[in-house]
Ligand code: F6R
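The chain below stands alone, shown as structure tokens; this is the form predicted on its own.
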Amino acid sequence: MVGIFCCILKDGKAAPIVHSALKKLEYRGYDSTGEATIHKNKLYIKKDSGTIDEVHARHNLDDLPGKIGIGHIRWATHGAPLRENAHPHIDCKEQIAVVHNGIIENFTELKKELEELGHTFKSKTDSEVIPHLIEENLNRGLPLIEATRETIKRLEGSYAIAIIYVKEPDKIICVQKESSLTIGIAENAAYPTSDIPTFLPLTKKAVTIENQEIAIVSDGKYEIRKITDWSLVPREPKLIKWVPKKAEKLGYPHFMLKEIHDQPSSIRNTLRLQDQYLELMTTFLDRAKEVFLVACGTSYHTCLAASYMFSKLAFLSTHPVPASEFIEQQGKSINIDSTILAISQSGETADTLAAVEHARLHAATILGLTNVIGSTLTRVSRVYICQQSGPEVGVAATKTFTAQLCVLAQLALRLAKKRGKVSHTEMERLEEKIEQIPDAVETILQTQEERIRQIAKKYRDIEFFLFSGRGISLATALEGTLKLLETNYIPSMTFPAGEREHGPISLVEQGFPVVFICPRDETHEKIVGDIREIKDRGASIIAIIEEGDEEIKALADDHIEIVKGMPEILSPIMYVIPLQLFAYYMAVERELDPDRPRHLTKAVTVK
């Protein structure tokens, strides 16, 4: 996944334009790149791992001939960042080239089927099944557009796909499902792309390809149809007025806000993890005699929430430990019976890797959860899972937290099923609810963002906040505190609501803001009592509640509502969204840059 850019011209050379446009996608983060063009009925491809500049220095990307070209920058989710896994991917006859942004969740079955039909695969990616499926349909006598349509019917997952074919060198076929795809339209050229800023130097006219649509693109012309019924979709180009800096954020003023809004999509991708990886890690967790969840920062808060998931669902006791404390706290007790589940977005966090290395030298089993295939954590793990949330530019982690929690929730559910700790009916309900999370997050963003913006405006001059919750919501409260600290430099404190009389309540005075995380779960009655006592001392209560919770709404000075009906065990994934937005809008109100907090870096690679 990450991004594509394509170019079809009436006259001229496509490769340098593709190269230049891919450079404008670099902000997304990537590990490999490549281009393909067609010239005189022959396919030309150059691709490799590394930055665009490195690949260009080795292969001269501009040297590719032809008026039609497709390009890609890749963030590895299936297969390490190696040349053979870079896009574009081709068919056996080297006549079809494909670039793909997204995840094909049923690629394992499709690949096996195609291999039995005689197809040879060169990569470990999910994307390579696409050109081979098209090839198979062409072999049946179908024209390219029908071969593509039949291929799309077989794919499960998300995708923005661009296809070129040597026997029809006057068109690019583009398909979209849950991955952004836009066509820049010029008088004698067209530029299908993942990201609008790539074509802004060339044209300001844009046509958006919507979900479940296919576009046939030629030089300056396009035809859009619905995949389902093949009906024609009339859609006129719109004029884009963004300045370049705003354009690369898809119109959002900051990457942090864009990435908060990315979460419905990133969570959908995380819920498309391959069964075999989940099953293998579940097997290791089931065998483990003791499990340590090790991470730093936001990922450590993920560990805290996961410890509740594993305990409540699978009856597995786990030990969340900050990576920086692991060797001193647990080092001497680690042995061959220990299992370490290390969590790091980058896979390169120094403290996490130090803890892992110590455990590995003491014969412990190492499991990894990361967002970067090929990172050190993936190389030292017995089993690893990629969270599949895509690159995250903003320093303050947002979609990292929700993606990691979705992975761990899936593991906890599988482990509970394996151990027979949850009834069949309850398991079906939980599985159904976890699939509803992306839509629930989308609803929160659509219905609550303006309310959160106004709350931030109200409290922008406050210099101290308390955050509180019970049970699994304590992890949510800690993450909310961290987001406010990171982006606003406001001293803040998290406390378990039941511990209020052991110090925190002494801080409360008239107008003092206290943020409560209040899902309607088994802690609800106690949280109501906690809020009453804090409010009696003059606090201003900001409550994140389930939709329709009139009891807490009546007590709160300000409230934010979350979609009702989500199980307690999944609540942090939804309840953290308002806290992310609150931190973001507080920073905006205080005229701070939420993307670049002072003294902080995206990955802490020094101890």
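Numbers for residues come from their place in the sequence shown, where the first is 1. This is a predicted model, so every value here is computed, not measured.
What comes next is about the form predicted in complex with fructose -6-phosphate, which is not displayed.
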Query raised in the report: Should Ser346 be classed as touching fructose -6-phosphate in the predicted complex when contacts are defined as heavy atoms within 4.5 Å?
Result: yes
Report task. Tell me, yes or no, whether Glu486 is in contact with fructose -6-phosphate in the predicted complex, where a contact means a heavy atom of each within 4.5 Å. Result -> yes
Report task. Consider Ala306 of the chain shown here, and say whether it contacts fructose -6-phosphate in the predicted complex, taking contact as heavy atoms within 4.5 Å. Result -> no
Report task. Verify the contact flag for Cys296: yes if a non-hydrogen atom of it lies within 4.5 Å of a non-hydrogen atom of fructose -6-phosphate in the predicted complex, no if not. Result -> yes
Report summary line: Of 105 to 113, 357 to 365, 392 to 400, 136 to 144, the segment with heavy atoms within 4.5 Å of fructose -6-phosphate in the predicted complex is residues 392 to 400
Query raised in the report: Tell me, which of Ile183, Leu482, Ile452, Ala215 has a heavy atom within 4.5 angstroms of fructose -6-phosphate in the predicted complex?
Result: Leu482
Query raised in the report: From first to last in sequence, which residues of 5 to 27 have any non-hydrogen atom within 4.5 angstroms of fructose -6-phosphate in the predicted complex?
Result: none
